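Here we start with a single chain on its own, the form predicted on its own, put down as structure tokens.
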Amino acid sequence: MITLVYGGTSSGKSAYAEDLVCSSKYQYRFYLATMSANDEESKSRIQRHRKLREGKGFITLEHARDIRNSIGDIERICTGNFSTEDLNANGRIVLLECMSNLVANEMFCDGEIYDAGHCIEKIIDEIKELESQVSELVIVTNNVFEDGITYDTETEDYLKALGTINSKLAKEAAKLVEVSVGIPIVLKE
């Protein structure tokens, strides 16, 4: 099951998603962090985010790209504690934070700019694969489409890719929540 949490910058979407996961019944609560540590600012933000998660019961997995690889990490951590059937039924929840970072990391890496269509397909396939291995997948994503600014071609391609992925996930999600000024608005349940 997918829950998609959507909102603008500093809207409270991440706090809402964390609270949702922390209040869940699942024994294993994974935080799948997608921020890439490319410079001092991002390294500082990652450290701040780690501190904010302390004491919340998260098992942090860091995968800036190729989130399919997190499945092996989850399996290694959970092995021996539950049968696969039990784990899929009620054992683990994953919070993916956040889709906008993941899309950027997949499109712009190793000094290359990858095709948006390929990135969309790859990310959606990996989301489906991850979803099939956990009880619940909570995905945080950004609304970056209302600023009215004209961007260069690469940034426009990124925005279109993020928008396409957001739309596909919204259709697949069992629950869709928009968070605005800290207030969650359930759009689909």
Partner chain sequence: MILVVGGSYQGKTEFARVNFPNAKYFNQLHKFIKKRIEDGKNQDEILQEIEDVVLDGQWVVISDEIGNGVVPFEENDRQWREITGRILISLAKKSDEVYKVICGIGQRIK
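This structure is a prediction, so every number in the text was calculated from the model and none was measured. Numbering follows the first chain given and starts at 1.
Form predicted together with the partner chain: not shown, discussed below.
This chain is displayed without the partner chain, yet in the predicted bound form the stretch 143-151 from 25-33, 143-151, 54-62, 130-138 comes within 4.5 Å of it by heavy atoms.
Among heavy atoms of Glu178, some come within 4.5 Å of the partner chain in the predicted bound form. Although the partner is absent from this view, Ile183 contacts the partner chain in the predicted bound form, with a non-hydrogen atom inside 4.5 angstroms. Remark: Leu159 counts among the residues lining the partner chain in the predicted bound form, judged by a heavy atom distance of 4.5 Å or less. Among heavy atoms of Ser11, some come within 4.5 Å of the partner chain in the predicted bound form. Candidate site formed by Glu41, Arg45 and Arg48: every one of these residues places a non-hydrogen atom within 4.5 angstroms of the partner chain in the predicted bound form.
Contact annotation for 14-37: no residue has a non-hydrogen atom within 4.5 angstroms of the partner chain in the predicted bound form.
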